[in-house]
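Read the single chain below, which is given as C-alpha cells and is the form predicted alone.
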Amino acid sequence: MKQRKTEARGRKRLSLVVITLLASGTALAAQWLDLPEPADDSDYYDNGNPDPAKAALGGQLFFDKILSGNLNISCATCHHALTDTGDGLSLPVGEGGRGLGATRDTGVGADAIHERVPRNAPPIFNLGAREFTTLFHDGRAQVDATQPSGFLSPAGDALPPGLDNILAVQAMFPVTSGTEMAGQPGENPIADAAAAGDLPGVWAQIAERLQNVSGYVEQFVAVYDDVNVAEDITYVHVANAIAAFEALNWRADNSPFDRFLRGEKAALGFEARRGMWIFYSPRKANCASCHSGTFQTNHGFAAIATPQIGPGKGDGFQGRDDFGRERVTSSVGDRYRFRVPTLRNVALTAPYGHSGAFNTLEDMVRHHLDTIGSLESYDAGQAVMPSRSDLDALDVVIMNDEVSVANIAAANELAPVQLTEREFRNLIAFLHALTDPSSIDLRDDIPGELPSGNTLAE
C-alpha cells in the first residue's frame, strides 16, 4: 500500500512538473511531450502558393452544378464554405436532395434521393499538405508510384495520367457516383455511363459540357499550357483546378496551438495547455498514439467501435454494414478500420465518425474514452439527417442487430481511458485550440457568379 501511494505521488509530481513547464511555454516541455513541428509553406504543394488563377477556376467548378448528371448538385453541396467544408449532416443527402447543410431535405417525387450517401462527408482542411497521401475513409485513393497514373484508386488503370496530387485524384470520383452527383440510370447519359462502370465516359461528358461554356474555356486556356482550344479540356484539368482551390483556400495552420509551437507562449490558455498534456502524454489520454504529427494524424487506420448507421456499403447483415479498410485490402484484419482523420479545425466539423454517428465533439471524445460502453449504449437519435420513413428504417439495421454490434465491438483497438471531468474539459479546450481563426468565416470562398450561368450550390 505504501509503495502504491509513493508511486501515485511520483506520478502527480511528474504531471505538475510538466504542466509547469507547459505554462512557461519552454522548449523542454515540447520535447518532453514530443510535440510536432509547426507547419510551414514547405509542407504544402507548390510551397503553399498554388496558382491563384488555377485556384479561382477550381473554386468556380467546385460550386457549379454543371459537374453533376442532372445539373442539380455540386461538390460544394456536401463540402460548403458555409458548413466548414462539410455539410453539417451525419450522412450526406446527395443527388436529388434540396437545400444546404442541416436544412437539406431528401427531395420530392421522382427526383427524390434513392438512398443516403453511405459515409460522412469529411472536411477538406489542410489536404493540400504533402503528407496526406491517402484519402477517403477507407483509403481507397493512395499515392502509388507503381501505378501508371502514380496513384492507386477505384478506377485502376482507367485513371488518366496528369493528376497533380492525391487531392486531385479524390476530385475525380464524386461525379461518377449515382448517389452523390451522377444520378440514376435513365435520367441522363452521365448517370448511364456511371452505372455501366464507364468512368472515362463520365469524365469525357463533363469535359464536353465545359468545352461549350466560353467563360470556362477562356480560363482553361489561360491557366493550362496544354489547353489551346476548347477540345483540349479534360476532366483531369478540372480535378487539378479543384485541388488547387481546396489547397489554397482551406489551409488551416494558424491555430493557437500552431502559434504556441512557433514560440508564442501566450497563444494557449492554461486549460488548453493542460489539455495538451492530457492529449500527448502516454500517462493520460495518449491521443497522440494515433493523432500524431503536424496535423494530428498518423495517416493510419484504426477500429474504434464506431456505431454503424445509414445504408451501409453492402457488407454484413442485410448488406447494411461497412467493413471499412477491408473493402480495399481484402484482409479480414482490416475489418471496421477507418482512416485516422486530422484533428485540425475539429471543433468546426461535426458530426464525427465515418458514419457521422456523433453530433458533438464531446460525445466523440467520450466515445474514444470508452468505446465499447459508448457503442452498446448508442442512441441513433443524435444523428443529424432529414427523416424519411423508408430511409430511417435502414439507418438502424446494424445497430439493432446484436451480432453485428458484437462484431464491431470485437474489432475494437482502443483501451478504456479514465479522465476526471476537469481533465475531460481541459482536453476539449485543447481540441478547440486546434481551430484556425481564419476558418471560422469562409464566406469569401464562395464565387460571386459562375460562367455557366448556373445558380450556386443550394
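Numbering starts at 1 and follows the sequence shown. Here the structure is a predicted model, which means the values were calculated and not measured.
Separately, the form predicted in complex with heme C (HEC) exists; it is not shown, and the next lines address it.
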Query raised in the report: Pick from 194-202, 372-380, 252-260, 71-79: which stretch has a heavy atom within 4.5 Å of heme C (HEC) in the predicted bound form?
Result: 71-79
Query - Whether Leu89, Phe323 and Asn400 all lie within 4.5 angstroms of heme C (HEC) in the predicted bound form by heavy atom - result: no
Query raised in the report: Between the options Tyr216, Phe295, Phe151, Phe338, which residue brings a heavy atom to within 4.5 Å of heme C (HEC) in the predicted bound form?
Result: Phe338
Query raised in the report: Of Val117, Leu348, Leu248, Ala272, which one comes within 4.5 Å of heme C (HEC) in the predicted bound form, counting heavy atoms only?
Result: Val117
Query raised in the report: Quick one: does His299 come within 4.5 Å of heme C (HEC) in the predicted bound form, counting heavy atoms only?
Result: no
Query raised in the report: Can you check whether Glu180 is within 4.5 Å of heme C (HEC) in the predicted bound form, heavy atom basis?
Result: yes
Query raised in the report: Is the gap between Asn165 and heme C (HEC) in the predicted bound form 4.5 Å or less for some heavy atom pair?
Result: no
Query raised in the report: Can His237 be called a contact residue for heme C (HEC) in the predicted bound form at 4.5 Å between heavy atoms?
Result: no
Query raised in the report: Looking at heme C (HEC) in the predicted bound form, which residues in 288-305 have at least one heavy atom within 4.5 Å of it?
Result: Ser289, Cys290, His291, Ala302, Ile304
